[in-house]
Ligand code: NAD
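In the block that follows, a single chain appears as structure tokens, in the form predicted alone.
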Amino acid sequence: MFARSAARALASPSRLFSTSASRHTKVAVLGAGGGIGQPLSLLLKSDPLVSSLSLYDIRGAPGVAADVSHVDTASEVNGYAADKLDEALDGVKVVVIPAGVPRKPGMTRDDLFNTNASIVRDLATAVARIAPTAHILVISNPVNSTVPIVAATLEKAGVFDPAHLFGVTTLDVVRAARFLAGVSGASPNDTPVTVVGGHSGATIVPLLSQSPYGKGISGEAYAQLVHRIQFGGDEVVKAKDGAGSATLSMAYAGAKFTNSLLRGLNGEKGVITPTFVKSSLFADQGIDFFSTNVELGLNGVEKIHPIGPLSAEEEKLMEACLPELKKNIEKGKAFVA
């Protein structure tokens, strides 16, 4: 009874999933056995737009698949062991990549780079070979660097389509809405915030001035809110005391963005959300990946929206964001060069 009622609740557009499109899609989760991958797989099993769920990891994926497959929704679930990556990717239209090691206390996202960069590169190589037209959603941190790694890997294979590659920055958007709701006393449904830039620290720029609830916040309250949005991940890492990072909220955000993409791919109009994509907005400054509002459609990225008017405080945030983001992007490109 719970699974059915939960699925109905999650299917509400005001919650997590929208079912306005009727077609269904095969989705793969690479890293399904991990702290993000397991709850993400469960949430995607509850998404009525997912017809088939393909779960892969170097360990544990068949067990996760067996467990998740018992949930009473229509999608089929299959698990694949470490040597079955090619089979896991066969016929897949959307690939979600949460694979990698989590952040621990004292670690920055850059500290994750050496391990996660190799993992993401190798998975992207397999996607290029088996599912070259798939839409790829990168969760593995540091996203500012891993997305350029995937792009460069696909370019080397001759299959890179900028409209098909996304860095999932949705957790920043989710946090911004939740934290602004807490400050303003409103419902998170009423406090959406566009978050631009990248997906770490100072590269995260919440455009509070563009929110009816956010534009009135100033002074110390503004500074504290921006800091919490930018460094909310540190809050979770510290609270978990060495036991992991933001896995559950990230799984929620990853499922939410996946559903938005599926709705766009299925023809729904007006699906707009921030995501880190190949972009011309700041390309003249050597920053060719950037997160801003993107309209999702039949081919993935349909339109990249400008960031719009900024307050004086947001101008300062952008000044801090851009050079750091440029370094992160260049680091990812250099890894594949």
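Note that the structure is predicted; figures quoted are calculated from it, not measured. Position 1 is the first residue in the sequence shown; the rest follow in order.
Not pictured, yet referred to below: the form predicted in complex with the ligand.
Of the residues A177, L171, L165, V95, just one reaches the ligand in the predicted bound form with a heavy atom at 4.5 Å or closer; this is L171. A heavy atom within 4.5 Å of the ligand in the predicted bound form is found for exactly one of I36, L49, V294, V68: I36. The candidate site formed by S145, G198 and L322 is entirely out of contact with the ligand in the predicted bound form, as no residue has a non-hydrogen atom within 4.5 angstroms of it. Contact annotation: P192 falls outside 4.5 Å of the ligand in the predicted bound form, judged by heavy atom distances.
Residue contact check for N141: one or more of its heavy atoms lie within 4.5 Å of the ligand in the predicted bound form. In the predicted bound form, the ligand sits beyond 4.5 Å of every heavy atom of F276. Contact annotation: G100 falls within 4.5 Å of the ligand in the predicted bound form, judged by heavy atom distances.
Contact annotation: the ligand lies within 4.5 Å of heavy atoms from the stretch 242-250 in the predicted bound form, the single such stretch among 125-133, 87-95, 242-250, 215-223.
For the partner-free chain shown, Y56, D57, I58, R59 of 40-76 come within 4.5 angstroms of the ligand in the predicted bound form, judged by any non-hydrogen atom.
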